[in-house]
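The data below hold one chain only, encoded as structure tokens and taken in the form predicted on its own.
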């Protein structure tokens, strides 16, 4: 049976970079070179070939994903999510639909926030990508409006010049790949830790607490349009506090004794500190 290829195919094959097309069964995508990728029952597409995996299940495991969901769904990062959505709305001045990629989307919290808080949600086609299969499965179950894929941020499985916006919250990326898939004059919106982010949490882990270094590096091919700092305090309960710990890099560095002390703390007010930066793709 001949492959059904559409000229506007969104995806490219992660193996050979040829266009991918959905097959009549609706259960998989294939390219002209017959590389095939399955659609999961949850609605996402797995575009991470086994030869590109560095472990059996790369990215956040199921335990980390559950911890992230428990913390985020209590709304502790909602003010930041609203701020980044406002920045998207402020730069979406066109009347036609735009394509937005949530890069390193995890279980889709920020994609859902954009859908809820944006004044132009009906004009935003949402896409989410993460290397963690458990997280993408959870995201796809909760938001069938978005197109979710399992893939590496270093090998984005999208055609060139497709996206109007890429959102990157605490996630790695490759500048060359960002440039390739963004349209000319497309936007990159990043969220990185501010100097005081989770300061009180770090006091339980490190003997000497240092401020986060400001991430001043501008990705190659981009120029900075604006920067906003969002800072406020949260008071998670014990379970939420431990979930927050599990979703940070600190979890790998804290010993059992420090974890117990953190868990036993009666009430802990924690600073959040975010830097939201908007870049534009530029040839200059």
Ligand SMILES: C[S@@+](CC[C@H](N)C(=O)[O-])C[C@H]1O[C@@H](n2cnc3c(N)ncnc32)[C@H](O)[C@@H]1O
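Note that the structure is a prediction, hence the values are computed from the model and not measured. Residue numbers count along the first chain shown, from 1.
Another form exists, predicted in complex with this ligand; not displayed. Remarks below refer to it.
Taking the partner from the other structure, this ligand in the predicted complex has a heavy atom within 4.5 Å of a heavy atom of residue 110. Taking the partner from elsewhere, residue 125 is found to have every heavy atom lying beyond 4.5 Å of this ligand in the predicted complex. At a distance threshold of 4.5 angstroms between non-hydrogen atoms, residue 171 is in contact with this ligand in the predicted complex.
Taking non-hydrogen atoms only, residue 157 never approaches this ligand to within 4.5 angstroms in the predicted complex. Listed stretches are 116-124, 179-187, 138-146, 67-75; the contact stretch with this ligand in the predicted complex is 67-75, by a heavy atom cutoff of 4.5 Å.
The single contact residue among 152, 99, 85, 192, judged by any heavy atom lying within 4.5 Å of this ligand in the predicted complex, is 152. Counting a residue when any of its non-hydrogen atoms is within 4.5 Å of this ligand in the predicted complex, the hits in 119-138 run 129, 130, 131, 132.
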